[in-house]
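The chain below stands alone and is given as structure tokens, in the form predicted on its own.
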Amino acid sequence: MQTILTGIRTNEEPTIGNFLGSYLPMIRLSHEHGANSNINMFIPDLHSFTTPIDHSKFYDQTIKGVKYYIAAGLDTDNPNIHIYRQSRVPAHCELAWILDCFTPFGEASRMTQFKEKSEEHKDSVTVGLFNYPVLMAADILLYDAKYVPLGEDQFQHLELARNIAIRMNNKFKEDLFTLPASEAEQVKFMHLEKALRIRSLTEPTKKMSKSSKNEKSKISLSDDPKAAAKKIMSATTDSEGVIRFDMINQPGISNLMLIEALFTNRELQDVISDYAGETRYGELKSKVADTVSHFLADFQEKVAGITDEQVEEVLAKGEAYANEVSNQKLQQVQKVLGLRK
């Protein structure tokens, strides 16, 4: 069976942008392909150490992250769906070191995210921050994953994984790794015309970031529903005086229409048509605020109904699967490299 793989870091509280751009598409794909594909939804907890975190809260955040998957609609009774922690599968780290040795420094140094985060965390830039795209490649290549639903900011890392796979397959003249699908193929597979990007509520030219220090810029999945509604009402729009969907010239108002369409499961064009020619932004903001508030109240109730014990059981099952599959791939690589016969 083909493998579909994705992961979401749990060291920071996810936003509605993460929910709409990562959780929902993956849940939909798991429903569509769960009968004939392996669906790997892993917790990349080792990636979380690339920037400063609160280690005292980290374990509990990981457990809550799995609850979010389940509350979003993941069918944990499906034997083809696997949730596991990266740190509980040692093959990830060993393959990452091997891939390091076949990744040119120049290629790794061109990663845009490293440059951006290096500026953001000037006093705490680590080798791990530089190296994590290679670990991400190991996360993907260990399971021969063809489809890797991810945000547009990660496509450069996906391309690195493809380059490493091609390089090693050619060098050893063996099909060691399945080549992940290209960016265009990934977007088509996710049923998106282009990668989804929910924008910041205060700076709509930028994406909504869970790491932002500005709480008004984002709506977290744990936000009080009423507080979230107030953030929507105060969202930055523009002075154009007419509602149009135009992500270039009117990104703020366009972002609100996109959020409304996604949370109500409507076609974006239908929402655009509802407000065509309208000049009062308040009505749209009020509608989106109500939609987001109701979503959060319902979602948080579902999360509260999932116990830690249920999560631990799901993880134990997924980690047993992941270790079995990843060790087979790692041994194949070790044989080619001359590390075992």
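The first residue of the shown sequence is 1; numbering continues from there. Note that the coordinates shown come from a computational prediction; the quantities given were computed from them, not determined experimentally.
Below, we turn to the form predicted together with ligand AMP, even though it does not appear here.
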Check each of A108, L196, L179, V187 and return the one that places a heavy atom within 4.5 angstroms of ligand AMP in the predicted bound form. L196
Though ligand AMP is not shown, can you say which of N131, N80, Q154, T264 has a heavy atom within 4.5 Å of it in the predicted bound form? Q154
Within 4.5 Å, heavy atoms only: does G21 come near ligand AMP in the predicted bound form? yes
Is R85 close enough to ligand AMP in the predicted bound form to count, meaning some heavy atom within 4.5 Å? no
Would I8 count as a contact of ligand AMP in the predicted bound form, using a 4.5 angstroms cut-off between non-hydrogen atoms? yes
Please determine whether H92 contacts ligand AMP in the predicted bound form, using a 4.5 Å cut-off between heavy atoms. no
Out of 241-249, 208-216, 225-233, 70-78, where are the residues with a heavy atom within 4.5 Å of ligand AMP in the predicted bound form? 208-216
